[in-house]
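There is one chain below, alone, in structure tokens, taken in the form predicted alone.
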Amino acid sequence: MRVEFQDIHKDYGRVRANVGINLVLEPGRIYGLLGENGAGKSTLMRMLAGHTQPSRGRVLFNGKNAEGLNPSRALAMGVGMLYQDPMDFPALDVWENFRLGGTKRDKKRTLSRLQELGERFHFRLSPQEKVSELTVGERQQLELLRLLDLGVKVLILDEPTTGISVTQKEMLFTTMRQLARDKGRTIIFVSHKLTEVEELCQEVIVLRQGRLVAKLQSPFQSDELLKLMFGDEHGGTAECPERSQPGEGEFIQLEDVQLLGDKYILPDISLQIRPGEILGLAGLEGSGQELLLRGLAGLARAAKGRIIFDGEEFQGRPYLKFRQAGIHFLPAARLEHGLFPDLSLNEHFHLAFPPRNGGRDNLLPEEGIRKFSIQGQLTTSARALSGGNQQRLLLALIPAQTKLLLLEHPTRGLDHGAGQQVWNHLLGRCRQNTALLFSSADLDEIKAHSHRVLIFYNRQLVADLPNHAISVEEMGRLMAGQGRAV
């Protein structure tokens, strides 16, 4: 299906999200959509998917004006979008979500079709499970299968490779090429991973500050794309400082801990963590790394074993005790579990840093917005922020006294510059002896920033190695159950 944007403008008060965009997308092509966080990519795609209306200008499908487009009409016309934060119904089962909006099949036929598509991509989804019990990556997998089943003519993929293996990514890319080549589908691939854009896309569209600055044919040069995205100075994307050496002693110990999750048990975890130490957690979605982070945050119960912080036993303690001990958790689902979608920036700062003894906040909202370069105003709701600015807000709300920081996918959906800003901040905290555990689907990120690497496979910890003792390739093999466990 041919898609045309004609003089598209979108304003949110004084914020100009899209400015005079004219663009044509042809069927049978795969387009990469690039731009720094806040460049207007999501706004433009949400207009195409019917979730927002342009302030002026129009969208045309096969030459016909799509005025008054809404999500149901867009889907009926063949436009489907896979969002960073999945648009699903957590209270329903996996198979019920899969069936939404599609062919009216009975349960048996729905389960058969779901199994067929799941096996094609090696996605392990339990049909009878509640969607609320899935990880963010698993929910993205489910939504992708649903869109493929619907046979959409225009498929928008927003950071689709988060939480899937290299093998799954290769299968996804093969399917995207087949859909474009054999089925004439128009595919828009929104990503900050330039290597993936270079591998998959035939053309690249670059937005900067709400404007269309380039539309390029393959092959692409990474340096050229970065310059177009960030300007001549590459948007201040200087390399992150090197990680500091961890402190002496072991202030966190796990001894033969068994953690109970909603779906599985993570057994026999024994770890020692030093002040300022950075541990990268690698594994396919649902392999165990999420449960370890929640167990250390006090959000998952230890059925046996000992959890010791600063010499004090914490197993069996409520979540509030973990928080009071200086343990802070940043979830992957920013809006669902990390922020209050409809509260303003000002309200978030006042909740996180209430006045003490009648005095002023220990971090004023204006200071937090400026320090973390959040592109929003005091009255802006969390929901209205881009993904990168939501992540900056979460970082700004971390208490200064945090001793252990736990993060799921800390740079998910962030551009190169924003990702480095995140790591500049995190490494600064580690230099002040905050220990850091983070999971990531980007193995290069784990390799770049970790002192130690923990590998999870089949809901077990199979390797705990110093960074220098493992390569990215070996990480991938151990995550897939190949190679030797250490």
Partner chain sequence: MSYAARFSLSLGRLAAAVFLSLVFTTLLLLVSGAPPLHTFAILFAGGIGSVAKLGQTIAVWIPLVLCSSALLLTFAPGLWNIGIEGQIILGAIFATGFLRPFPAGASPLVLAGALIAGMIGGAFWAYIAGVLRTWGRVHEIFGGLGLNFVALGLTLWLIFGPWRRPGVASMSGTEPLHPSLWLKGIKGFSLSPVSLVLALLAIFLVIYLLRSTRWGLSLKAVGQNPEAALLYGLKPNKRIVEAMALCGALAGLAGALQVVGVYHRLLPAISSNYGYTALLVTMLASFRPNLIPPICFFFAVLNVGSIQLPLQLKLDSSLSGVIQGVLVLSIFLVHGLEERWQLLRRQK
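The term rigid core refers to the maximal set of C-alpha atoms that superpose within 1.5 Å between the two forms. Keep in mind the model is a prediction, meaning the values are calculated, not measured. Numbering follows the first chain given and starts at 1.
What comes next is about the form predicted together with its partner chain, which is not displayed.
The partner is not drawn, yet in the predicted complex one stretch among 196-204, 126-134, 319-327, 112-120 has residues with heavy atoms inside 4.5 Å of its partner chain: 319-327.
Residue contact with its partner chain in the predicted complex: residue 378 places no heavy atom within 4.5 Å of it. In the predicted complex, residue 352 approaches its partner chain with a heavy atom inside 4.5 Å.
The closest non-hydrogen atom of residue 146 lies beyond 4.5 Å of its partner chain in the predicted complex.
Its partner chain in the predicted complex is approached by residue 339, whose closest heavy atom lies within 4.5 angstroms of it. When contacts are defined as a non-hydrogen atom within 4.5 Å, all of 11, 299 and 397 contact its partner chain in the predicted complex.
335 is the sole member of 176, 254, 225, 335 with a non-hydrogen atom within 4.5 Å of its partner chain in the predicted complex. This chain is drawn without its partner chain; in the predicted complex, the residue among 275, 261, 331, 71 with a heavy atom within 4.5 Å of it is 331. Once both forms are fitted on their rigid core, the CA atom of residue 71 lies 2 Å or more apart between the shown form and the other one.
For residue 447, a C-alpha deviation below 2 angstroms is recorded between the shown form and the other one after rigid-core alignment.
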